[in-house]
Structure formats: C-alpha cells, structure tokens
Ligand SMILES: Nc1ncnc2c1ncn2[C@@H]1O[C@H](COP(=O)(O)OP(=O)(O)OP(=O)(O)O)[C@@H](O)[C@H]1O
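What follows is one chain in structure tokens, specifically the form predicted on its own.
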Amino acid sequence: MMEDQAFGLRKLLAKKKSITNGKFVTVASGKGGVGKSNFSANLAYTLAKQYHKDILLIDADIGMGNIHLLLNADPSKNMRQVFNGVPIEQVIVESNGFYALLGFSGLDRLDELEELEFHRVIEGLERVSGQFDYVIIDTGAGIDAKVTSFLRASHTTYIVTTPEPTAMMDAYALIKSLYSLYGYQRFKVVVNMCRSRSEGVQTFEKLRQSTQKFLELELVLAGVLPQTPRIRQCVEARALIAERYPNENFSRALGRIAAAEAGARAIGGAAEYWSKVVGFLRGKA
C-alpha cells in the first residue's frame, strides 16, 4: 500500500508540470473544536474528486494534528520525519484521491521548532508544491509567528467558526490580529455546525458588522455548513463525510464552497508563495 502511494507521488512529480497559478489556501480558526480539520480534509477531497485537481493537504496543526484520523492514514509517516532529514517525497502519503503531509503531536507550537528543522520542511515543500493545483494548509487554532507566515502568504484564508459566542469572539480576534498587524484581508468565513442556514447567516452578519465597524474591513461569507450526526459517525469510522455521504446537506454545502474556490483565480505560484513565507519568517516584510 505504501509502495503504491510512493509510486503515485513519483508519477505526479515526474510530470514536472510546474503549475504557474497553483493556489495556496490556509484554513484557520480562533479556537479548537469548530470543525476546522474536517473542513480542510473534505474540501481537499471535493476539489480532487469533483474538479480533478491535484491537491496537497498539509496538517500544520502541531500538537493536535488529526488529519491522519480523518484519512485513515498511517500516522508514522509525518512531518517530524522531515524535520529529522527524511526527504519529503518519502513522507507525503496518498489517501482519498489526494496527497497529504501529516502532522504529529508532541509540540505545543510551531515556534518550538529549531530554525533548521522548520526550514527543512519549507525547502521540501518548495521543491514539490509546484506540481499541485492546490496546497491546503490546515493550521493550528490561534496564531504564532510561523503560522502567521503561512497565512500572510496565502491567496485565501478560510476562517472556520460556529454560532457559539466564544468561537465568534475568537474568530474576530484572529482576523483583527492578521489585519491590524499585517494588513492581511483575504478572508473567507465558513460558519459550521449550524442548526439552520439562517443561523449561519446571522452569525456571519454579527462578525461582519464587527469587522466593518471596528476595523473597516469587509468580510466574505464562503458558506454555511449544517450540524449533522454524520460528522461524528464519519470521524469514528475514519472516513470523510463528502466521500461516504455525498448527498448529505453538509456535503452539498461544502461542494458549493469548493465550486466557488475552483473558479477563483490565483496570482503567482509556488516559488512566489514560499519566497514570501521565508521573507516573513526572517522579518523582511
């Protein structure tokens, strides 16, 4: 199985298609427990399945990395191996029709990594990411200096929140930090775990009004995802809801987000993205 995965990646990299308009998308949240990783994995699957995109999903949620559970993937192949010098091509796994660089537990923050370890990952990703139409980075909840660099360089950042007041407050705090400190404003909001579409829209409107009033920043609503017991069932079964239940309302709503994303235009490619990330890490911008 692992040999098949390695062969698939080698075959993709051998194409050397060097996508010039590949998109780099981050998924973030102000707090944990809002379904951020579920959104990331199902978005990756939907873009790969329905729009035939080559996808690399990166689990950058150090300390609480759980993408391997959602993909039912071997957790022994993970980013820690790259930190230790294993070539990234040997660590990336294939699952559910797309590729993933899995995270791991044992660190509280990316900031705890040595610079050499972190730059090994950056160099490896710079080497392979030009072969993908989308690189989706599932970040940890909250923010730190290294996560900020990924976010600031991204074409789009999906902010996942829920109608819960604390989740909304934390989402606002994250947006405020990125906008006030760095001028970043390419946000799209996903309101998850909604009892109805109107609840999701009302939640977004409260957030939008706050950012408009206090930051003079206009937000974009990417979509509203309904609450469903199927999510828990799929997590327990180590499956993706978009794959197992494609006609579920959640999967349909996520499909509309993916459709809009697939139709969006990208500016720049892999080299430009990683150049920005390195520049931000070194404090040059």
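Numbers follow the displayed sequence, beginning with 1. Because the structure is a prediction, the values reported are computed rather than measured.
The discussion below concerns the form predicted in complex with the ligand, not included here.
Between the options Ala141, Val121, Val147, Ala153, the residue in contact with the ligand in the predicted complex by a heavy atom within 4.5 angstroms is Ala141. Using a 4.5 angstroms limit between non-hydrogen atoms, Ser37 touches the ligand in the predicted complex. Remark: Pro246 does not count among the residues lining the ligand in the predicted complex, judged by a heavy atom distance of 4.5 Å or less. In the predicted complex, at least one heavy atom of Pro226 sits within 4.5 Å of a heavy atom of the ligand. In the predicted complex, the ligand stays beyond 4.5 Å of every heavy atom belonging to His52.
Within 4.5 Å of the ligand in the predicted complex, a heavy atom is found for none of Pro75, Ser95 and Ala239.
Contact with the ligand, judged by heavy atoms within 4.5 Å in the predicted complex, is confined among 191-199, 78-86, 165-173, 211-219 to 191-199.
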